[in-house]
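Coming up is one lone chain in C-alpha cells, specifically the form predicted on its own.
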C-alpha cells in the first residue's frame, strides 16, 4: 500500500464503505445489487461490446449514487467540504418544491467528480437534499420556529472530521492513517443511529411531508438510498418482481422506445418498514417502525444538449411519439445537435485542410469516431417521482402562500463554492475532445463550425 491515499482513492473506498453499511441496514439492497450484476452480465453476453458504449463493465459494476438529506445551510456546507475532500463538486440545482403532483420541501444538488478521468476511475455521486423549513407553503410559523430550533441544536459531524476533510481537499491526498480516520468518521456519520426517535415530533412533521420528518424528525442523518447502475432496467424490474419484491408502480424517466438510451431511467423497490426505537410522550421507549428508505436502481443514457432536452420535454411515455419525433440513431442525434459526444481521430486519414468540415461529415466519412457521453446527473421529475412513490402520505401544501426564493446562487452561497452546470461540463468534454481530434487530423479547429459557437456558461451561479 502506498504511503498516501489520493482524493479519488478515498472516494472509491468511501463508496465501498457506504455500500457495506447500507447493505447491513437494508438487506434487500444486497439482493438488488446481485440482481443488477446478473442482468449486466446477461446483457453483455447477449449484446457484446455494444452494451458497454456508455461505460466499461468495471465502471458500471462499481458505479453507485447515494442520497442523503440535511436540514440547514450549515449542515450542507459541512457536507460540501466532506465531498470536496473526495474530489466531488456540486453539479446542478433541483427544486423539488415545484414537483408535481407531490411537492417535496427540499432543494437539491448532486456532488460528483467532473472530469472524464475522475469519472472513469470512480463515478460515485451523492444526491443531496436540503430541507427548506422557512417555506410557508409547507410549514406554518409555529412549526417553522420549532423545526429551526431543533435543527440548530443538533451536530451531524464530529469536529475531528472537518479539518481532515479540508486538508484532503487542499492537498489532494492524506497519509494512509489519516485517510483511514477520515473514512471511518465520514462513513459512520451516515450510519443509521440507534437513538430513539421522538414519536410525537416525528409524526407531526410527517403530516407535512415524510421527507421533512426523515430530515427534521431525528437528530442525525443517514443514507436514504444507495443506487447501483444496470444496463437493462426493464429486465431488472421484471426479475425483482418475480422474486416477490414490491417495486414502485413505474420506471421514471424516458420510456424504452427502441432508439438510443438517453438521460436517466430510475426505479426502486418500495420503502420498507424498519424497526426503530421510539420515545413516546409518557417518556417510555418502545419498538416502532419508520418507512422512509428504499432501494433505487438506475440505467444511464446519453447526455442531451439543451436542444435535446427541449425536444423530449413533454413527450411523456408514448413510444409512438418518441419514434416520430426523436432521432432513432446516435449519428442522427449527433447530426441534429441533440446529444453530447466525445471524439477521436482515425489514423491515416487524408483531408484537405482548407475545407470547412461539419462534425457529421467527418464522422460519416470515418475520419472521426464519436462516442456518446454518459449522462452523469439527475432529472427533477424523476427524483420527485421516486420520492413521491415512496412517501407514507401525501402531506400538506398551502397553495395560497408564496414560495420562498431558493436558487442555484443561494445554494452556492450556502456551500461557499460554485454550483456547476452539467450541460456545460458535457459541452466542455465534447469541445476539448473534438479540438484535439481535428488537430490530429491536421485540420484547423477554426474551420469546424461546431467549434465556433460560444460555449455554455460553466456555473449555474
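For clarity, every value in this text was computed on a predicted model and none was experimentally measured. Numbering follows the first chain given and starts at 1.
The same protein also exists as the form predicted in complex with a small molecule; that form is not shown, yet it is the one meant from here on.
In the predicted complex, no heavy atom of residue 237 sits within 4.5 Å of the small molecule. Residue contact check for residue 186: none of its heavy atoms lie within 4.5 Å of the small molecule in the predicted complex.
Within this chain, residue 411 is remote from the site of the small molecule in the predicted complex, having no heavy atom within 4.5 Å. Put simply, residue 386 is close to the small molecule in the predicted complex: some heavy atom of it is within 4.5 Å. For the three marked residues, 67, 224 and 296, a heavy atom of each sits within 4.5 Å of the small molecule in the predicted complex.
The contact with the small molecule in the predicted complex, taken as any heavy atom within 4.5 Å, belongs to 378 out of 83, 340, 190, 378. Note on contacts: among 93, 269, 138, 127, the single residue with a heavy atom within 4.5 Å of the small molecule in the predicted complex is 127.
Considering the small molecule in the predicted complex, the lone stretch of 308-316, 327-335, 288-296, 366-374 in range is 288-296 [heavy atom distance within 4.5 Å].
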